[in-house]
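Quick setup: one chain, the form predicted alone, written in structure tokens, and binding and motion questions come after.
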Amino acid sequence: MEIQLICSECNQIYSASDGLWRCSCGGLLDIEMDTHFSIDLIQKRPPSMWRYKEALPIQQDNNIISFSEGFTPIIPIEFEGKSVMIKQDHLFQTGSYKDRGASVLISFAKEIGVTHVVEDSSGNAGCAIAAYCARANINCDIYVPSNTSPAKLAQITQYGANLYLIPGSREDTAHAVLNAAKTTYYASHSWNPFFFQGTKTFAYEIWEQNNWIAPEAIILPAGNGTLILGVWIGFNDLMKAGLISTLPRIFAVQSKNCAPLYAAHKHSVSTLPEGKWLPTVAEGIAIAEPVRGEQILQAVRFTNGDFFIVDDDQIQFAMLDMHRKGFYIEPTAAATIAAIPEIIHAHPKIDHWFSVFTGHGLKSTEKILAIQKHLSNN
């Protein structure tokens, strides 16, 4: 399997074995490779995302770093009188869908002989990279905002990673890690294209679990776009292979307090607005400067999708509503769920909806208790 990295700015082509995460011109790198799907072979394999290994960029099976992640269950929940199929990616090893990307990225790092990585995160991606590095015996430094949920900080350190708390915004953390990334492999969930090769398995699994059919529409969170871009890549892989005939419409959700992609989309531009955004309980999607913002906008627009926003009150009530239904999700995961009724109401002709629980509530216990106390006092 030939795997190439192509710069989205200057079209320079690199070999994957070069171990680059950014083009020499500063542009984003994307992966070009052939993907193959044998339904008979897939069905004979264990129920994990690695059942699609011919579509994943790892050459040797002995380099695969895995906790048997993937193939998470899908359960219907009713919104606005319609059944929405929710994929439960909060049930992963580290409690979030980010394990998909970490599994492929750290497998690739092992394959090219990387022994030390750095990563910046609002929490979940850092937990995932730290866990998979622990399994791969790769040294790991994780940079996070100083206000990250204590449960996530504990999780990262318990995996043996070196934790760096950065004062200020999520963007301050992203800027801080770049110095370290000059000399150490950058296992970034936004810059490094191998991460998206893991999150694309979300699309493959929906296709298989939905009787080998692509749904009409998917509702996803929009922060750094790791799931949106993974879904975009995954369904395009299936389209190129002739296994589906249409792409699902992608509906993206942001917090009203930090919604640069929503603002750019509503003004029909590709340049994200500058300025200060407010804090939000949905810390995982509070990304004011998403590195792949233009690609996220393109994916949503190409599928005739749209962006929606929800405020913190909506997020908190949606979270508690899901808790009362037996689904213990974190506030960031609830942001996507909070937007579902409005999105369905705006598109009554769509009947076949999918969405996702992205992160487990156990990762945000302190924040959930504070929300519960706040709501009970009002």
Ligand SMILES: Cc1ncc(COP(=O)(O)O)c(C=O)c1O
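All residue numbers are counted from 1 along the displayed sequence. These figures come from a predicted structure and were not determined experimentally.
The discussion below concerns the form predicted together with the ligand, not included here.
The closest non-hydrogen atom of residue 198 lies beyond 4.5 Å of the ligand in the predicted bound form. In the predicted bound form, none of the heavy atoms of residue 101 sits within 4.5 Å of a heavy atom of the ligand. Although the partner is absent from this view, residue 106 stays clear of the ligand in the predicted bound form, with no non-hydrogen atom inside 4.5 angstroms.
Within this chain, residue 129 is remote from the site of the ligand in the predicted bound form, having no heavy atom within 4.5 Å. Comment: 121 to 129 is the region of 240 to 248, 262 to 270, 67 to 75, 121 to 129 lying near the ligand in the predicted bound form, near meaning a non-hydrogen atom within 4.5 Å. For the marked spot (16, 57 and 193), a heavy atom within 4.5 Å of the ligand in the predicted bound form is absent from each of the three residues. Looking at 349 to 368, the residues that come within 4.5 Å of the ligand in the predicted bound form, counting any heavy atom, are 358, 359.
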